[in-house]
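To begin, one chain is listed below as structure tokens, in the form predicted on its own.
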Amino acid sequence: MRPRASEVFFLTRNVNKFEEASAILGGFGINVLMMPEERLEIQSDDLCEISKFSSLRASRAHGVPLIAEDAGLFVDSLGGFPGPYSSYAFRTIGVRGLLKLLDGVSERGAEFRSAVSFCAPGADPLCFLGSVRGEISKEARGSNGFGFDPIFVPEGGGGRTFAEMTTEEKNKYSHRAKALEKFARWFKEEWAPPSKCR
């Protein structure tokens, strides 16, 4: 099925990500349709390269314009780890494992980064970046969000972790919101859907 001009598919099986994206893009009059398929990913240190590859493959396979996102938590004292490997790190060592790596470490600066790539059939993918500085808390706090949200305290967030915020509050600060807002402004102003998908 081909989306209307104000619609775009989001390649994700993560309902939390989809809800965040729906809230952000909805504010720009863009309706998001979930494409709950597993993403094909490449191994890379570059979030943009990973998300562009995923969006390109899926757009070609399904013949529709869509977005894909890759995000990572970059911890300063760990040399940027886990970075682009954040999903793997979360699945293997989890929040507790990351906190253990930082046990006794006073420098807890970190940055969440997001790369949202848009691709339409017959076109090259475009990447939109967003980031937020913050620090890693000494313990997990909050029950909202997902991934490493319970231990990331964004700058300007009143000392709360992402997991202690509602979706609406998190979207005021988050890396994903910033990347999606850049995409939304471009999409509304620059993108004209083709007369038919090839």
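Sequential numbering from 1, following the sequence displayed. Please read all numbers here as calculations on a predicted model, not as lab measurements.
The discussion below concerns the form predicted together with a small molecule, not included here.
In short, of 63-71, 25-33, 133-141, 153-161 it is 63-71 that has heavy atoms within 4.5 Å of the small molecule in the model of the complex. Contact check for K17: a non-hydrogen atom falls within 4.5 Å of the small molecule in the model of the complex. Contact between S87 and the small molecule in the model of the complex is found at the 4.5 Å heavy atom cutoff. With a 4.5 Å cutoff on heavy atoms, R13 counts as touching the small molecule in the model of the complex.
Contact between K178 and the small molecule in the model of the complex is not found at the 4.5 Å heavy atom cutoff. Judged against the small molecule in the model of the complex with a 4.5 angstroms heavy atom cut-off, the residues F112, G147 and K170 are in contact without exception.
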